[in-house]
Structures are given as structure tokens and as C-alpha cells.
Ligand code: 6PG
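Heads up, the chain below is alone and in the form predicted alone; it's given as C-alpha cells.
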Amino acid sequence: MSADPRVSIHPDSSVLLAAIAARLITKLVDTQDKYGDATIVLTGGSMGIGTLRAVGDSPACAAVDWSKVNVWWGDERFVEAGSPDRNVLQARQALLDRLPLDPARVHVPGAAGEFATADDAAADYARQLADAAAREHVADYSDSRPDEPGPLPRFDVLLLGVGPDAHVASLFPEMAGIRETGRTVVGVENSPKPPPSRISLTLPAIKSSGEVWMLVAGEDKAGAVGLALAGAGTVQVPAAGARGRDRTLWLIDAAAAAKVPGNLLRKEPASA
């Protein structure tokens, strides 16, 4: 079961980024109060990296116990580990290297030079996810614990950008990755957006997250946002299928909201 999308519109990208940062800090603090730790799945791109910078600029950043935050990525470019194209490197420069993170809780996708192919790196990342899920299963003493661990750990909040073509993570329209239903991670070749080789969480993995937040700004994204929120087909419009189990939140600026269906144009308070 997944949650229907809710839309929160902000006047411009700078206000939007500040609002996302405030929400994210609150979400992590509240989740740590509940579970003792919190898990976030990061995204790259201008909004994903801009969000990290905004978190670092927030006076409330220190309210999070960063030593108990688990960090994953929704996708990664399959290039050399030191390449400036790497989402991981950009995230470290924007925020992560300034935080007292536990290195064991930061789960980095494999790079070219470490693995022969994107498929090999994807298989390793799927193994990391399954290992984390197994550790959570052992530590879970609740009555609701399943008999066997699943393939994924608990994702509390998963961040996604949206491309002008409506791709999310590295799941592109009409390509094999968006059609995958069995695996949690896939290798992507011949990406229409460079670099051509990538690894990505699949849509079932994305939809396992408690909350999915779509972070979108700019007039060039308005068509993709409008189609996704109008309920277009997932294979053609991957963003339409990205939903959280408990909450799906579109955090967008006014330019990106230009083609949102009128019935979804209710605004949420920035602190909701």
C-alpha cells in the first residue's frame, strides 16, 4: 500500500530549500525519538545537493544525532570514485564531511575501478542493503517482527529529484530499469543523461520507504510534475510511480507547479 501524493508549493527555490531542510531535520529528530536511529536515502542533482547545503546552514542542524543516522543513496553514477560526477562526492562536499557521522552507517555505492560493470556494483549494493536488513531483523525484538528478514532495511525518508523527462533516481522512461520488479538495485547502461553507466534503486525499493519526498524546482520540470501528479503511466513517467508507504510529499516551487492539476493545488504549511 502506498500513500497518495500531497503537494507543498513554495514561492521560489531558495525558500523551498530552506523549507525542505527544516522538514528533514524535524523528521530525523522525530524518527530518532521513535527508533533510536534514523535512515535517509539521499539524491543528487541541484535539489538534492542544495538540500544538504541548506541542512548544514540551518541553526537546527545540531539537533540531529548524526552519529545515529544511516545514509544510503537512491542512485549513483558508475564512474571513478574520485570523479566530480559522483553523487557521494558532491554530498560529502556539501554536508556529510562536516557531520559526526558513523562511517559504518554510511553506505556508499561501488565505483568504476572497484567493479567491472554497473551490474556488478548494483549486485554489491543490493548485498549491502540485504545485510543491513538482516542486522535490523536480529535487533528487532517486537512482536511484529517477520520470521525472515527482507531484502531492504527500514527507509524512513527517501529523497528524489525529478528530471524534465520525469525520470527519478536513474530510472528513465521506457528503459529496463523502470520495468524491474524483482531486484532492489539495477545497473543502468546507455542512460539518456550522461554519464551513461549508473546504478539505481528500483521502483519497488523506492516504494518500500516510509516517506518519499519529491524535490523539484524550475519551469523546465513543470511538465514532468504535471504528468506525474495527473497519474500518468509509470513506464512513461517514472516519477508517477514514486510513492512512500505512509507519505508521498511533493515539495516544489511555484515554477515547477505551473501544470499541477487544480485539485492538488492545496498548499501544506511549510513546517508540516
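Numbers for residues come from their place in the sequence shown, where the first is 1. This is a predicted model, so every value here is computed, not measured.
If you look for the form predicted in complex with ligand 6PG, you will not find it shown, but the lines that follow are about it.
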(request) Please pick, from Gly45, Gly241, Gly223, Pro204, the one residue with any non-hydrogen atom lying within 4.5 angstroms of ligand 6PG in the predicted bound form. (result) Gly45
(message) Each of His10, Leu24 and Ser58 having a non-hydrogen atom within 4.5 Å of ligand 6PG in the predicted bound form: is that the case here?
(response) no
(message) If we define contact as a non-hydrogen atom of the residue within 4.5 angstroms of the partner, is Val162 a contact of ligand 6PG in the predicted bound form?
(response) yes
(message) Can you tell me whether Asn87 touches ligand 6PG? I mean in the predicted bound form, with a 4.5 angstroms heavy atom cut-off.
(response) yes
(request) Report yes if any heavy atom of Ala169 sits within 4.5 Å of a heavy atom of ligand 6PG in the predicted bound form; otherwise report no. (result) yes
(message) Please determine whether Lys193 contacts ligand 6PG in the predicted bound form, using a 4.5 Å cut-off between heavy atoms.
(response) yes
(message) Please pick out the stretch from 71 to 79, 180 to 188, 110 to 118, 97 to 105 that is in contact with ligand 6PG in the predicted bound form, where contact means heavy atoms within 4.5 Å.
(response) 71 to 79
